[in-house]
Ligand code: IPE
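What follows is one chain in structure tokens, specifically the form predicted on its own.
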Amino acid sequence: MKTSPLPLPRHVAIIMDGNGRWAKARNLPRIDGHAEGAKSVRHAVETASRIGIEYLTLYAFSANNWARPSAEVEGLMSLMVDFARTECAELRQNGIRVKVIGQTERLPQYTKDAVNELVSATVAGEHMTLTLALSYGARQDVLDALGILAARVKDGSLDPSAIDETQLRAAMTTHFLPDVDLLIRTGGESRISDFLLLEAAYAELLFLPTMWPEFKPETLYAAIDHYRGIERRYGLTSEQIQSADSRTVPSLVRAALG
């Protein structure tokens, strides 16, 4: 018996890959590919909001990206400032709250100021949360969180026996995010590159050959349709999933995990 389509994913995360290769194929500077990719960011945000996605997280700049040529890094920092300033009014109008994860203290001051202003200006948004991963690496985020917990143990405010996944995740920069339901990577690569490793433990992974500057609204629509057509079992059996209301699946998983 065919199961009914899944609900919409609550949290969609995207690794926006392929800007440089898109530009190289057209004999353009890499920064031109990033500039073109900024248009795809708008497509993704507008489309996710229109569909009804609650959380959209974009891998905008990884911790490893600091090793790229300085001119490219400076160009990316400037593009982030442009995004923060040009998109602020529309994001506010559409009820989209912007959050940031990662080691933002490493950002240049002018980028940090623009991003902080965007976060502050959109704080009242309730329709969708747009999270920008800036200078972000999942393993470092876990290590930083462990450092916070270790300091609490040292000062006596935390009992080591009380440390569990809930405590760990509460100390991470991603603490406000629910688990990822659908993780998309463009650019034809099949890896997740240190992105939301803990949060995407049960995510559906979708690797697309599409370069990020070619990402259009219909690309996201197709990805959502793909997600809704797949049975997600979370370690359970098909029979358990099919006999349970979608709202009860999380409780079944928690029971299975003890």
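Everything quoted here is computed from the prediction, not taken from an experiment. Residue numbers here begin at 1 and follow the sequence given.
In what follows, reference is made to the form predicted together with the ligand, a form of this protein that is not presented.
Quick one: find which of 65 to 73, 201 to 209, 42 to 50, 221 to 229 has residues within 4.5 Å of the ligand in the predicted complex by heavy atom distance. Going through the listed ranges, the match is 65 to 73.
Any non-hydrogen atom of residue 16 within 4.5 angstroms of the ligand in the predicted complex: Answer yes; at least one heavy atom of residue 16 falls within 4.5 Å of the ligand in the predicted complex.
Indicate whether residue 191 is a 4.5 Å heavy atom neighbour of the ligand in the predicted complex. Yes, residue 191 sits close enough to the ligand in the predicted complex that at least one of its heavy atoms falls within 4.5 Å.
Does any heavy atom of residue 60 come within 4.5 Å of a heavy atom of the ligand in the predicted complex? Flag for residue 60 set to yes.
Residue-level question: is residue 216 within 4.5 Å of the ligand in the predicted complex, judged on heavy atoms? No, no contact at 4.5 Å.
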